[in-house]
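Next comes just one chain, in structure tokens: the form predicted alone.
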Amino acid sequence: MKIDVADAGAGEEFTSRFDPRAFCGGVAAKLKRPRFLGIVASAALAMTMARKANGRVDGFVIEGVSAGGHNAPPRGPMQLSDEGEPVYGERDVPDLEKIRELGLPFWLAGSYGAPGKLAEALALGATGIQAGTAFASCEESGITSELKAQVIGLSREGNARVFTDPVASPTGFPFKVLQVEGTLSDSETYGARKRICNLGYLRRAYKKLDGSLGYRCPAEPVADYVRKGGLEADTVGRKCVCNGLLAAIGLARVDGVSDEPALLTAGVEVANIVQFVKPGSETYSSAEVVERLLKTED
């Protein structure tokens, strides 16, 4: 598998090799190939993947700009709103007609967590929907009960909002950060956190001066990143997505002084998740989400 390496010379290629037989001590396990569903935000990318991918593409998840997690950057030069969020336009709306012409199943994501939205997606030719934000705060979700209670409370008060942060993620992709007090969305909490890179899931390979490969992350300690040849400017505002997301499910690193602060992500529909909470209750189940999403109207 080819590896993307920063600072590599023109024409240089780096690869990683994995031999299941060697890993399993001489006998490779027989595994059933899982389906490959490409997550895309444009018809152009879906068409390229379907026609040129090295292997079979079984379908797509088409994510709109209101979906949670990482978003595709806006097409064209990056422009920011007065609030500092990336500005999306007509060019960023996926062309579903071209996607349908590929003949592969696809699911629509981004503000589909409401009654009638599934029927709307099916009418557009989709196989179904992705509604992660609706399920993120349900009783069965792995996010801690305390955080889920905060998010549901914010939705009930009309104060649940996300900020599409253009620099938070070490990947360089915009990342929707749910604004919750005491998490990394809080500037004071973010500033008080001691930087550490102990997990490294989002590190990027780079070529050292001696030709070997190293790994660096713009969310690691600034001095370490610069020592590895990175630019200090690239570290500004970066958040440790690895530790932050693990902390959100109760697996925070404890350094003996303070717990690792959580980082929450959600789509813009987080403002409306209180719709799933029935009168007299403070929580809601995944079954109640499904029940409501299957309705054709509110």
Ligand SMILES: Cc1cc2nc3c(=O)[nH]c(=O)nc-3n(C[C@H](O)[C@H](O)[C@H](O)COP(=O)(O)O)c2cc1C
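Numbers for residues come from their place in the sequence shown, where the first is 1. Keep in mind that this is a model prediction, so the values were computed, not measured.
One more form of this protein should be noted, the form predicted in complex with the ligand, which is absent from this view; the next part is about it.
- Annotated contact segment (heavy atom within 4.5 Å of the ligand in the predicted bound form): 110 to 118, selected among 195 to 203, 110 to 118, 72 to 80, 212 to 220.
- Note on contacts: among Ile39, Met47, Val57, Ala252, the single residue with a heavy atom within 4.5 Å of the ligand in the predicted bound form is Ile39.
- Here is the short version: of Ala126, Val180, Val162, Ala131, the single residue with a heavy atom within 4.5 Å of the ligand in the predicted bound form is Ala131.
- Not displayed here, the ligand is approached by Glu63 to within 4.5 Å at the level of heavy atoms in the predicted bound form.
- The ligand is not shown here, and in the predicted bound form it never comes within 4.5 Å of any heavy atom of Cys240.
- In the predicted bound form, at least one heavy atom of Gly68 sits within 4.5 Å of the ligand.
- Taking non-hydrogen atoms only, Ile273 never approaches the ligand to within 4.5 angstroms in the predicted bound form.
- Shown here without the ligand, the chain has Ala266, Gly267 in 266 to 293 lying with a heavy atom within 4.5 Å of that partner in the predicted bound form.
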